[in-house]
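Given next, in structure tokens, is a single chain: the form predicted alone.
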């Protein structure tokens, strides 16, 4: 997009400032993101065009952000920062162009950096502390007031229905080739569906969750977590989503598309150190059922990703980008092996969790 057009859009949020530079920023794959620098001012801002193909309700995203922002200010819970969403000149938090593009602006977290892989134990601990703080700090918000950015994003029964439909339709004629994988996932379905049953009977409460707890959605300053970013997926969920998905990614020694399955192992140090940061932040708000079953959270989230990859493979690779025909098959095998690793190390992993919940 032309810089002149970006300046016009940015000026709708910063009418009393002189814009010195706007340049592409970050490596996100969904929204278009730019860094805005001002003349004679130290503050910098992040300007984003929201991908409304994925996020259908841009105004809902802004409403969620503002609700969280105001809650944290009111409760004075500022141990970890969030980028502040900025209104435009008429008080709207989403600026719509004539082409109906949705734009927003937030403050930039100062002197902070992100990482894509955990290389030191303190990084896992600090990421856990940040995401645990996020859960704890938002206790008390009425979850019904938040929009669900992507409906059913982590809902297991919804993903199982998608897999069953893919099996029935067998669009790519691949079902017969993956019978062993289907058997693996089907054997574990009942135990994990029971988690949803505990949600329905309120033994596992609905909370405000981040829902995308990758390591690169935490910003660090020196050797401490400074901020939690990328709030687009924030909404009603269960704590298993955030704890489980973080460990699914942080505690896997292999890449998500590693062809050599023998390399898929649990990084016990990363598992323990993330738990060390996360669980003490949330243990006071955990229900008895959450404490009993939270060791299943990494399996739940790994299972969900595994059947999503498998369903896409059966459908002919229509959702995830692939680099070769078996790419989604490789991805689902990695998730399957990781589940096996979590199961094989069950007792040790439960011991780690209990250490930080019951100390």
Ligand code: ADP
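As the structure is a computational prediction, the values presented were derived from the model and not from experiment. Numbering follows the first chain given and starts at 1.
Omitted from view is the form predicted together with the ligand, to which the following refers.
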Which of 310-318, 66-74, 43-51, 292-300 lines the interface with the ligand in the predicted bound form (heavy atom within 4.5 Å): 43-51
Residue contact check: residue 146 to the ligand in the predicted bound form, 4.5 Å heavy atom: no
Proximity of residue 287 to the ligand in the predicted bound form, heavy atoms at 4.5 Å: no
Any non-hydrogen atom of residue 229 within 4.5 angstroms of the ligand in the predicted bound form: yes
Proximity of residue 31 to the ligand in the predicted bound form, heavy atoms at 4.5 Å: yes
Partner-contacting position among 279, 94, 83, 156 - heavy atom within 4.5 Å of the ligand in the predicted bound form: 83
Contact residue in the predicted bound form, chosen from 162, 114, 136, 121 - any heavy atom within 4.5 Å of the ligand: 114
Residues in 211-225 with any heavy atom within 4.5 Å of the ligand in the predicted bound form: 216, 217, 219
